[in-house]
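Next up: a single chain in structure tokens, the form predicted on its own.
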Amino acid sequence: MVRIWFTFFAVCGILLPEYCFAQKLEVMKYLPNSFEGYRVDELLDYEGEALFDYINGGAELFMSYGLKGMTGCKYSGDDLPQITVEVYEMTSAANAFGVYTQSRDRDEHDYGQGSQSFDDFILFWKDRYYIIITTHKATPESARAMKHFATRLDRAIEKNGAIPAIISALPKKGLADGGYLYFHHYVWLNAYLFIADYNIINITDKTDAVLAKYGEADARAYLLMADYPAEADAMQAFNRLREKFAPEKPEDTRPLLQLEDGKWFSAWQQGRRLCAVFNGATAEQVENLHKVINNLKQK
């Protein structure tokens, strides 16, 4: 099917000489058919079960963020390394942002609303789109082409999406660069640190959650925050955390204690929001995070 559509576009090139059109996403029409020796040689268009075969093991990540489909194309040229452009369309800007936070390890702002670039790939998000541009070999030619394609797609997506409100509640001081991820599927609870092998805090697709890293690598604490549809949901999640990590303090509304491994733990509830700190190097580190979050909530 992909080849059939490519043949159709090639035949119609006399009518549409500048752009490579794909089936699903309007932004793809802003990619050129050719650039400095590169030319489109394959169109990509996947949805549903076909995505699992294409992504080859990574589809679960995208599916957990409400992936609608992926459209893209491959560029090649004489003696030029192939470049692949993939545009993933998510169900919301928040989900595109979430996939981005899973993929980057530092935040740059060269493209879209957040990006990261290396010699052989560029990734960024904007509105409900998450974009990956890769080459199997970094050369000056491939670098120029990838930057050009990224710029064209960035301009094609006219509006910005809203960043989930919970992100603004993260304390800035001590936050590791690119050190947080946004999610609403419980499997990502253990992305940085093992917390539980089950959905201990009842995360659903209606829960906004963020897991963040604080402090240096040798004294790292992890902050978990989750916003629930109702205050009762947050209370239930808090009780489950307290039962697991602080059973000796069944009535404490903000347990703070040192666990068997010597690390400090605390958890508390603020209305519909659950907060917890794991792996604290000191009680002071945990207390400081609580104070900052509490002050932000009061404002």
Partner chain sequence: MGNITRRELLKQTAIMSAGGAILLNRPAFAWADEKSAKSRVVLIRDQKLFAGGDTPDAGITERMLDEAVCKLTNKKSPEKAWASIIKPADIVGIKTNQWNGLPTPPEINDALKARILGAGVKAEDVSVDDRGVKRNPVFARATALINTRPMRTHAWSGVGSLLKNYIMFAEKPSDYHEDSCAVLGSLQELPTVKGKTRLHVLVMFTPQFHHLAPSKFSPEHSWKYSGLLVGFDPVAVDSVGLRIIEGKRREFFKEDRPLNPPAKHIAMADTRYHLGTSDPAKIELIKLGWDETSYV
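Owing to the predicted nature of the structure, the values given are computational and were not obtained by experimental measurement. Positions refer to the first chain, counted from 1.
Omitted from view is the form predicted in complex with the partner chain, to which the following refers.
Annotated contact segment (heavy atom within 4.5 Å of the partner chain in the predicted complex): 196 to 204, selected among 196 to 204, 90 to 98, 167 to 175, 144 to 152. Proximity to the partner chain in the predicted complex, defined as a heavy atom within 4.5 Å, holds among A156, I163, L80, A191 only for A191. Of the listed positions (N239, S64, Q270, N33), a single one reaches within 4.5 angstroms of the partner chain by any non-hydrogen atom in the predicted complex, namely S64. Taking non-hydrogen atoms only, A209 never approaches the partner chain to within 4.5 angstroms in the predicted complex. In the predicted complex, S103 approaches the partner chain with a heavy atom inside 4.5 Å.
Residue contact check for F124: none of its heavy atoms lie within 4.5 Å of the partner chain in the predicted complex. Using a 4.5 angstroms limit between non-hydrogen atoms, L224 is distant from the partner chain in the predicted complex. In the predicted complex, K244, F245, A246, P247, E248, L257, L259, E260, D261 are the residues of 241 to 276 with at least one heavy atom within 4.5 Å of the partner chain, listed from first to last.
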